[in-house]
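Coming up is one lone chain in structure tokens, specifically the form predicted alone.
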């Protein structure tokens, strides 16, 4: 292809969503990626959960983020001819009296009304501190999405195996490797290793996602993925004994030991402060662009923020200082 409008370094979740968003706007894109078999985006569960974390926090702009993400993935499912996005409820079981008290306070906020409903009656006995069903949430099957996008990009001459020299003008989407490569080494990425188990549990028989301090995601007949852990500043991307034991202890308590380990994986998340990604132009090299640090909510955040970055690059608005504010009325 001739010189692309955007050269994208990395074909994880951030790079893929940015590339497809740019193509959707009629831009020529070339994505370069080393095609590693195990990366954070490929290990990730892809959960899209509006009421997140132990504090049960609903973001100020979950409606904006959800509409952007669900619309984007449905659009590209049709083009890529691959089923990778599903809406699926999350059964949230509260883990203690403090969390139950916090949820009671959340229920006084009318913003939460559209996002939850009661737990199914059959789950009441397994939720001594209460719980709720989260609505308008689901899962991105990240491996299916990334593989389908790579095949499609390759077929149109928009993908190449390799790495991008750090002095090349590009959109940098290389996850935690940002600390070691490219022009954005000074950006304060916080690497956090997450470990996920794949298990067989024939007696569990649940088709919804369950979150009870850890999450359990149905992925096939009697098969589930379970996670995740947070280990800051890890030395490598291999599951640790501590993470393995943390997940095993959870499963033994929750499933009563009636489960069998199939596989374990780990990936290093590129975390950013305040849970918001890093995006924008380099302060002294404006042709170097950053889109990184999507963290554990990347599947939900990526489409809206990719569009926001493209608006900034092509329309000059909003100001770069506002790029990570979903409440900006110019984007609603």
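Numbering follows the first chain given and starts at 1. Everything quoted here is computed from the prediction, not taken from an experiment.
Below, we refer to the form predicted in complex with a small molecule, which is not included among the displayed structures.
Exactly one listed residue, out of 47, 56, 69, 30, brings a non-hydrogen atom to within 4.5 Å of the small molecule in the predicted complex: 47. The contact residue chosen from 279, 65, 51, 268 relative to the small molecule in the predicted complex is 268, the criterion being a non-hydrogen atom within 4.5 angstroms. Contact check at 4.5 Å (heavy atoms) against the small molecule in the predicted complex: none of 6, 20 and 148 pass. Checking 198-206, 83-91, 99-107, 165-173 against the small molecule in the predicted complex, the stretch whose residues place heavy atoms within 4.5 Å of it is 165-173. A residue is said to contact a partner when one of its heavy atoms sits within 4.5 Å of a partner heavy atom; residue 275 fails this definition for the small molecule in the predicted complex, lying far away. Taking the partner from elsewhere, residue 307 is found to have every heavy atom lying beyond 4.5 Å of the small molecule in the predicted complex. Contact between residue 283 and the small molecule in the predicted complex is not found at the 4.5 Å heavy atom cutoff.
When the small molecule is considered in the predicted complex, residue 36 lines it closely, a heavy atom lying within 4.5 Å.
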